[in-house]
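Each of two forms of one protein chain follows alone as structure tokens, named structure 1 and structure 2.
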Structure 1
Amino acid sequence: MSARYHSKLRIPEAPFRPRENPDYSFLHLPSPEDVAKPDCMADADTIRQLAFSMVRVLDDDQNAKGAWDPQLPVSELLEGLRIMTLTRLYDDRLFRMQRQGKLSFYVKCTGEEAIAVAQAMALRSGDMLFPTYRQQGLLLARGRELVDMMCNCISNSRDNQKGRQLPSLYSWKEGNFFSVSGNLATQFSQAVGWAMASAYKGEDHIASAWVGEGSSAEADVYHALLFASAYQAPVLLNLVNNQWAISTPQTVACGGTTFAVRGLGFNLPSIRVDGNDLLAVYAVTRWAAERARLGGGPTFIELFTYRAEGHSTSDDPDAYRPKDEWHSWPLGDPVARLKTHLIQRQQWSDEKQEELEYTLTEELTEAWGEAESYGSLQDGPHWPLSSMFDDVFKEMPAHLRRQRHQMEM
């Protein structure tokens, strides 16, 4: 008799693959009124349910409902819509420029605009952002000039990173936007250190970090959760669950529950939020920021969304998931949802949206023209070649001076 083994490997599957009909009706989406809003200083263990549920404000008809409605003035909602629209158009423009060979690479955030835009709106300008490569909305919300972002992407003579980084890996010190690494998840635990320093110095600034659900598998994420919890650092740890890590579905990184529940083991308030709802994202971020500023420590937030486009310009999503799966996504398009909400409140119209898109497109065209006037990736002008040796150290040591000299010979 051979021994009987009961262990079997479970191979995590994508919900749907190409040529299948996506149907996400299995997702449990509570209505906005079903989710209570606790006091922002509530004990983490009394609000565990928020990690399994989902904070929503805009309901299926795009009306604002429930305790989490941040009651933002219309002017702020319109500003949110403007920046989300700009983000989408900016992405479309740079994507096209990549296809024309003007950029080496590009990463869109289409479908996820509400996250960066709402979170930037809910934080203060002195708060430090530790983003991944898909939070360009933070820059746009904080007022980074389009020209400067474009120059960064084409590594020309006005690139503030001197032609050293891939497109989408921005850095903007003045805007308290930390240099995006490209090595995944490393910023998550660094943000905790930054926040610890802020508390150590007795300052009121908090840190906010982002990571994708795919790279949440990296150990840095758990170091961040533990250090944040141990020292009660004033930091927001945001996990953007956009369902796809290039071609790998979130099921591979997840383990069959929500991502938000991971915060519970560290006794952190852990909240899952509809990431396609600017109002809900704003409300949760505001709640967590207030908690951090009041000395309540960190919050772990899962932003539930859907990556509408490929991971980057280097992959074809039709090869690993159903074509147009996004249109079956039950939480919709964040831009369209806010627009509809404002139209229903008679604060906006399709004509005004068209007009806005036209104006923003003009701005983008003008900015692109100006950016190219400072040089292109292919033909320059770039930074002077000798600048390659700058900034390895604060002051250039002899061996680098020798190498620079060799290169110039």
Structure 2
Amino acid sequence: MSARYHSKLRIPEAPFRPRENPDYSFLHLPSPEDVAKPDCMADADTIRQLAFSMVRVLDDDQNAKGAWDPQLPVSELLEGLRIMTLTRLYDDRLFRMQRQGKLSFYVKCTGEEAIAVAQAMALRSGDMLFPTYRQQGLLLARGRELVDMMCNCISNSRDNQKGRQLPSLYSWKEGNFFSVSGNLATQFSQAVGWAMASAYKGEDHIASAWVGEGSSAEADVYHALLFASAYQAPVLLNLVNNQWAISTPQTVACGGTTFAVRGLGFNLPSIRVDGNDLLAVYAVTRWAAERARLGGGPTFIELFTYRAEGHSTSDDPDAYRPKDEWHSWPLGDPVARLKTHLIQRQQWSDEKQEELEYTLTEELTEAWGEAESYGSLQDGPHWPLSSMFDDVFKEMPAHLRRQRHQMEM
């Protein structure tokens, strides 16, 4: 008698739900010394293992080890710690302001600060950034004024986007920071197109784009991977796997393996990296950027991290995951890890960290006061309605000039 078989539908589940005790011992986390660092021009097929493993530099005791250690000078590590700390304090300030009704919406990046800060440090100022709404650290690392970022969130008279974007959807032309898109994953294809144009013009500027693991299900991501592979565009395609797409766990979008593996189908060098380790993120980004500038084409990078707080101020994460789950995350807090690393090297201390946080908090308080001097969310002044006709065409067509004239009458 032959056995009978039938199909079975697999329902992806979160590893833990509210009121459960999170235990991530099932994750395989290689030591920093386990993962070799290949030549940046190595053939994609010969380094396939990097998509399944994980590049780390800081070990469990926060000591730098292994071939991927970028050997950054202490001054750069201290600056990275400063910017990560500023990013977290900035987020906390804007979150409180939103809860007080002083801005309508906000998105924090708590737990993911090392990603934006390390990658900005590893890239050049001429490289174009195509971020999501959770890479505000890129702006701070490139020197964007706090007041300008806050004015964008308030949508006041100094908002460089004239009130046309949600708070957190920044844009900064002078800093090569492309306008954040509320439509998920569009920036992946845009980055590839920009990089193709840069290569066509003979420039050595590269592009870097970010997308979340949930929105990696969008078709734009695969259009970008295909064009990047076919044209060998000098672009870094970063997938931030922070475990949650709003209330949906990463298991829904993953398919039972790493996200980095997806790049292999397009013959792209694909690397999985500890996203809570500033040194590891810097090293992988620098490796991929050097490859792109030398004509080696794109790299697909999965940044393995954890979203510590809600998806946005509109989200209650306690409804779908354990309240203290972040504290159980085995890769820890990126700010605390770098601080500990520097303390162990006798280059920092808890007292200096407290002084830094006090100084940065004072700067943020002063910046917020100045930002409100250009107008508040409730009382303005805001950009006039007639400004909606600006910035659409290089030369305004006659029918829009007539419409604006009618509105102003």
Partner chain sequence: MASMNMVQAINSALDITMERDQNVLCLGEDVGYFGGVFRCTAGLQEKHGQHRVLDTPIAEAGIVAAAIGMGVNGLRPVAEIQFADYIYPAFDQIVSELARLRYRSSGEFYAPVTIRSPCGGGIRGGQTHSQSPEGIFTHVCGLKVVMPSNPYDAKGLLISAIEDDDPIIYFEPKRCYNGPFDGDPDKAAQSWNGHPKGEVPEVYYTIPIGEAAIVRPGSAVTVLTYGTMVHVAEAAIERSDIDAEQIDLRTLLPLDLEAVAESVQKTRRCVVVHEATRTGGYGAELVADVQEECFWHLEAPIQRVTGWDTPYPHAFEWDYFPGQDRIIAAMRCALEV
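The model shown is predicted, which means the values in this text are computed figures rather than measured ones. Take the two forms, find the largest set of C-alpha atoms that superpose within 1.5 Å, and that set is the rigid core. Structure 1 provides the reference sequence; residues are numbered from 1 along it.
Engineer: Have a look at both and say which one is the form predicted in complex with its partner chain.
Structural biologist: The form predicted in complex with its partner chain is the one given as structure 1; the other form is structure 2.
Engineer: Arg19: after superposing the rigid core, is there a C-alpha shift of 2 Å or more between structures 1 and 2?
Structural biologist: Shift at Arg19: below 2 Å after core fit.
Engineer: Is Arg10 one of the residues whose C-alpha moves 2 Å or more between structures 1 and 2 after the core fit?
Structural biologist: No: Arg10 shifts by under 2 Å between structures 1 and 2.
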